[in-house]
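A single chain, nothing else alongside it, follows as structure tokens in the form predicted on its own.
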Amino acid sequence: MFVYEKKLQFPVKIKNPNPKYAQIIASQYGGPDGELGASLRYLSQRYAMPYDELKGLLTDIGVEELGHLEMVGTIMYQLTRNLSEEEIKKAGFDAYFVDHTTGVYPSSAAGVPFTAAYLQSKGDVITDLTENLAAEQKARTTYDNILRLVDDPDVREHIKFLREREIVHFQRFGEGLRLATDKLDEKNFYAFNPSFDKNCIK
């Protein structure tokens, strides 16, 4: 089980609401490379992971991604608090507002709702860890793109923190992939269960 500490990993305090920024940052809440997909991916993959060290790695990073989801949701909430109708219209936030008011909803910046198709859990050590390396780089690129579009220092501070964590996760998954390949022999490289592999290694 998880122990929940009731505080954000990095406290969010944004002074100036900006619904346009909220709309952009939404992609890291429920978009194709966002925190919701990352947390579900890693916490789902952990069940089929045969090595305790890597099962622990997936659990640790999956839980941290839930913390990041909470941070991104808080950023979105603070960017959309106390908006006037005029501010909503001017920022182009009206389409989102019609469907969700200012509730935090898992979708991309383009308004596409979250789908489980964004994540992958294959049950193969090498496949899943390679998927995770790519996922962390895609998330880092999304944060880079957000930083290109957002100039509020309060918002940028939090986005930079989240971006740095994606890089750390990429490094940790790289270490995990090296550990896994050290444990797998040549005949049993891509899958770990010999009863599944008998037709693959003849």
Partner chain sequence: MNNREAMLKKLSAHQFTLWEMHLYLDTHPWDLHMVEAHNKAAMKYKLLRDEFEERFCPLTASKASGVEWLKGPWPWEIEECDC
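Numbering follows the first chain given and starts at 1. This one's a predicted model, so the numbers in the text were calculated from it and none came from an experiment.
From this point on, the text means the form predicted together with the partner chain, which you will not see here.
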*Which of these stretches, 39-47, 24-32, 166-174, 137-145, has heavy atoms within 4.5 Å of the partner chain in the model of the complex?*
166-174
_Considering non-hydrogen atoms and a 4.5 Å limit, does the partner chain approach Gly56 in the model of the complex?_
yes
_Exercise: Gln9 in contact with the partner chain in the model of the complex, heavy atom 4.5 Å_ = yes
*Find out whether any non-hydrogen atom of Lys90 is located within 4.5 angstroms of the partner chain in the model of the complex, and reply yes or no.*
no
*Can you check whether Ile61 is within 4.5 Å of the partner chain in the model of the complex, heavy atom basis?*
yes
_the partner chain: the contacting residue among Thr102, Gln78, Thr127, Gln120 in the model of the complex [heavy atom, 4.5 Å]_ = Gln78
